[in-house]
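Quick setup: one chain, the form predicted on its own, written in structure tokens, and binding and motion questions come after.
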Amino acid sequence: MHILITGGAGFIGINLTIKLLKQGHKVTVLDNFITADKNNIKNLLREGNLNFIESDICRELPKEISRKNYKQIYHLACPTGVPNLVKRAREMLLTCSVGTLNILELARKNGSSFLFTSSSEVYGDPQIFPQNESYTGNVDSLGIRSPYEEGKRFAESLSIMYHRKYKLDTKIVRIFNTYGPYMNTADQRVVPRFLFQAIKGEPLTIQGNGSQKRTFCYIDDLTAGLIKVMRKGKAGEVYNIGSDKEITIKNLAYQILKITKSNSKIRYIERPGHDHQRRLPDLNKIKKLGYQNKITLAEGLKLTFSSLN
């Protein structure tokens, strides 16, 4: 099967690419490296079933993309990371709008199954726990996080519109915190930040008092979920993917210190006002497709740490 992955050189994309190649599929990866690392894809280019195209989906798609017949399209492309909320705000909004429209048109012309990777950010700072897929969220459309939050919400609307109007086989997944190999430390996600601080012997910087809670899904579980939704999910539906096991950021820091055997200390710093206190996915819907988390947080952190050495 020929599969297209937009944003395929990023953290999630590269892990999904590796898994699909191992399953024997032919994969075309499209990325413009706005936040991805070129080294991620470089080692895979020896694979005979991998084709890489450097391009911006917000512009006219290259002919080598538009002339192909893809059975499945995983649309992952979008700049991420808290440091990019202002720096890459324009690119976030354009990728989610113009870029998503371009890829949806490609899917419509090919009759491709289309999966859009949305985010738990569409729930904003939630007031209902856990969040199921029918919850409309608590989002500030003018807040600092709005380019990403509102971009993802608009892209969801586009995806559903193509299903309703054109009967396109579109599915949406809302991804909660994910970690694992190939993470970009520059986006300041907490797991790689803590790991690299621990490795370097630097203080682990906790924003606020560390009481905020998060859930963490290992990348292998996430990519398995993406493939499961693509294959078994219902067209026009939304599925949460993540872990429903919560941990405070403070306890996460101590767990990483234990795994890395680091002598680093804990240092508390100012917490951004836009940082949410807690998000927790309701996974009942995707579990009905046979999804389950197989990697515990302790196991996943050890695997991630090993990948850095």
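Fair warning: this is a prediction, and the values are worked out from it, not measured in the lab. Don't overthink the numbering: it's just position in the shown sequence, from 1.
Another form, the form predicted in complex with a small molecule, is not on view; read the next lines as being about it.
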| property | result |
| --- | --- |
| Residue 95, heavy atom within 4.5 angstroms of the small molecule in the predicted bound form | yes |
| Exercise: residue 57 in contact with the small molecule in the predicted bound form, heavy atom 4.5 Å | yes |
| Contact flag, residue 286 vs the small molecule in the predicted bound form, heavy atom cut 4.5 Å | no |
| Exercise: residue 163 in contact with the small molecule in the predicted bound form, heavy atom 4.5 Å | no |
| Candidate stretches 130 to 138, 111 to 119, 155 to 163, 197 to 205 - the one whose heavy atoms come within 4.5 Å of the small molecule in the predicted bound form | 111 to 119 |
| Non-hydrogen atom within 4.5 Å of the small molecule in the predicted bound form for each of 13, 36 and 176 | yes |
| The unique member of 172, 107, 76, 191 whose heavy atoms fall within 4.5 Å of the small molecule in the predicted bound form | 76 |
| Contacting member of 72, 102, 223, 80, with respect to the small molecule in the predicted bound form [4.5 Å, heavy atom] | 80 |
